[in-house]
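Listed next as structure tokens is one chain, alone, in the form predicted alone.
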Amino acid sequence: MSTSVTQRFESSLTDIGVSITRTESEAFASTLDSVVTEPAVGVPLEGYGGVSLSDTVVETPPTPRLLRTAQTGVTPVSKAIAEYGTLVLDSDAAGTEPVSLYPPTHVAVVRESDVLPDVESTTDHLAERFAVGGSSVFASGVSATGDMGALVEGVHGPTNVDVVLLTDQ
């Protein structure tokens, strides 16, 4: 991953009001616990080498009871788009979508190697997802709508979004 792409991602996140915390895998558990508000629910981080939610305050797997009470939802992010600070969340049986939407705060775990420069760069990933009947959601910042006039945040999703960037993956 080029430094300029990562810097652009961080700048774009700042522009849309999303905080970012950089960490390496070895310090992941303590870093995550420092940004999570309990109770927290999460989706297992499969494929994230040496990183797990099992050593954190985050409860897994997600259940309706945990989603109703959680203040924070923690999910993996399949890809991130530097151009807009967008997170690509795959719809899956583990519950990534509801865990990213229901709690007031979404903490997205992003591997630096998954940060792509622009939307066009995500097409290979999306083609693979669509070929097996999967889907993905693009999320940029907090949920917001202006459908009824004034801009209102948090109507359809989280009111706060934080990114934990794994710099060694």
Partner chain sequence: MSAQVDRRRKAERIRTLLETEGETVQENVAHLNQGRYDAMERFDDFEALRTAAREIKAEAIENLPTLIETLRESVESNGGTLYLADDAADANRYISEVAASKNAETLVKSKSMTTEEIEVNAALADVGVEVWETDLGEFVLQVADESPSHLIGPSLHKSREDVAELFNQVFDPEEPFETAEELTTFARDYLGERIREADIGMTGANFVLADSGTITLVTNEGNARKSAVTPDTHIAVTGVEKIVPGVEELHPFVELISKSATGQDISQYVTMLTPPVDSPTIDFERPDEPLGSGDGEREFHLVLIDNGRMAMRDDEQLRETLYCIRCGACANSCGNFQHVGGHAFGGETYTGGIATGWETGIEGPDAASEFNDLCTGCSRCVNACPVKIDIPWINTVVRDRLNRETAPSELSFLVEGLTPDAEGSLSAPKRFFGNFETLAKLGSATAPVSNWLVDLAPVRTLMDRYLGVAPQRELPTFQRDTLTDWFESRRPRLPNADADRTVVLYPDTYTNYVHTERGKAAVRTLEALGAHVELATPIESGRAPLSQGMIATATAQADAVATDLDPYLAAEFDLVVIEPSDLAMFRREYRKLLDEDDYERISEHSYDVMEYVYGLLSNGASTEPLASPDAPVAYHSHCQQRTLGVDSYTEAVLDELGFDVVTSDVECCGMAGSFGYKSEYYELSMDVGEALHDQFTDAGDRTLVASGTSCTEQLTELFARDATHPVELVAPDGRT
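Not measured: the values here are computed from a predicted model. Residue numbers count along the first chain shown, from 1.
FYI, the form predicted together with its partner chain isn't displayed, but the following is about it.
Per the 4.5 Å heavy atom criterion, its partner chain in the predicted bound form is contacted by stretch 135-143, the sole one of 32-40, 46-54, 135-143, 108-116. Under a 4.5 angstroms non-hydrogen atom cutoff, its partner chain in the predicted bound form lacks Q71 among its neighbouring residues. In the predicted bound form, its partner chain sits within 4.5 Å of a heavy atom of L89. Taking the partner from elsewhere, E26 is found to have every heavy atom lying beyond 4.5 Å of its partner chain in the predicted bound form.
Using a 4.5 angstroms limit between non-hydrogen atoms, H156 touches its partner chain in the predicted bound form. Residues P61, P62, T63, P64, R65, L67 of 43-67 are found to place at least one heavy atom within 4.5 Å of its partner chain in the predicted bound form.
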